[in-house]
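As a starting point, one isolated chain is supplied in structure tokens, in the form predicted on its own.
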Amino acid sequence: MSSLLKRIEIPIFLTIVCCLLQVVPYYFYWKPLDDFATREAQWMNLIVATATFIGLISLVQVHGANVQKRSKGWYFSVVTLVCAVSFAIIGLPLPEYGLGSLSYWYLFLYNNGQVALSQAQFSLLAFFMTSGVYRAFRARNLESGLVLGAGILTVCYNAPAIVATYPFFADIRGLLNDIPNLALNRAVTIGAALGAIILAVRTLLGIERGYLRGGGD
């Protein structure tokens, strides 16, 4: 029995069935099938919640081992554990005990902890972006020269003082956004959509097995 449950055909079959149950109701309406697809979506939410809980257990195991072994930077693991456990407990849906995602302490920790840390992290990205722009905007050939020119124009029409002094930069902004930028975005969107369709077809046919034991047969 255990060898049967380990066969790779079982998860492939379940993947194909679950995908078809979500795709077919978009094209053919049949109330029992539509109801079952809705129920399946609810099951997916339950699986995601369970996976999140398992992720918390894994996080506690990994960082708990770091603290126990006094590994390098183990004090950061202590902070991670305290924050994770605190959010997990305070976020429990028990409003009668002052807990939940809308409780005072949860919002306090989120707004004064998570939001502040996120802003600090994004503020550091400005320095990395500046370094990347400096390396990318070297006019070594025609292509990099065009990128440099577009970057300079972008900076100019995003600066209020420059636009107020030279109003024609607003027209340049519209020209760049409506023609080359829009065309490039459409090309990227079409390419991404085609890639998603190909990946879905490969998954439905059982060809794509990257989600199964590292893609092995």
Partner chain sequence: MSIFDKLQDIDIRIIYLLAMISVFYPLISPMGLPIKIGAQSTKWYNYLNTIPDGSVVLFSPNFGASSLSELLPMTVATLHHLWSKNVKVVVVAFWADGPIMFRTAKGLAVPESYGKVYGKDYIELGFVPNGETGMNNLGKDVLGTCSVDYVNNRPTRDYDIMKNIKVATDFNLVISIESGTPGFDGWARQWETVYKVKFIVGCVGVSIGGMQPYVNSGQIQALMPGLSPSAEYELLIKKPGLGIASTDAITMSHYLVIAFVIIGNVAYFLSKLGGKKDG
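Positions refer to the first chain, counted from 1. Everything numeric here is computed off the predicted structure, so don't read it as measured data. Note that the rigid core is defined as the largest set of C-alphas that superpose within 1.5 Å between two forms.
Unshown form predicted together with its partner chain; subsequent notes refer to it.
**Q** Q68: heavy atom within 4.5 Å of its partner chain in the predicted bound form?
**A** Contact with its partner chain, no.
**Q** Would the C-alpha of D178 be classed as shifted by 2 Å or more between this form and the one not shown after rigid-core alignment?
**A** False for D178: its C-alpha shift is below 2 Å.
**Q** Does L124 move its CA by 2 angstroms or more between this form and the one not shown when the core is aligned?
**A** Result for L124: yes, a 2 Å-plus shift.
**Q** Once the core is aligned, please say if the CA of L94 is shifted by at least 2 angstroms between this form and the one not shown.
**A** After core superposition, the displacement of the L94 C-alpha between this form and the one not shown stays below 2 Å, so no.
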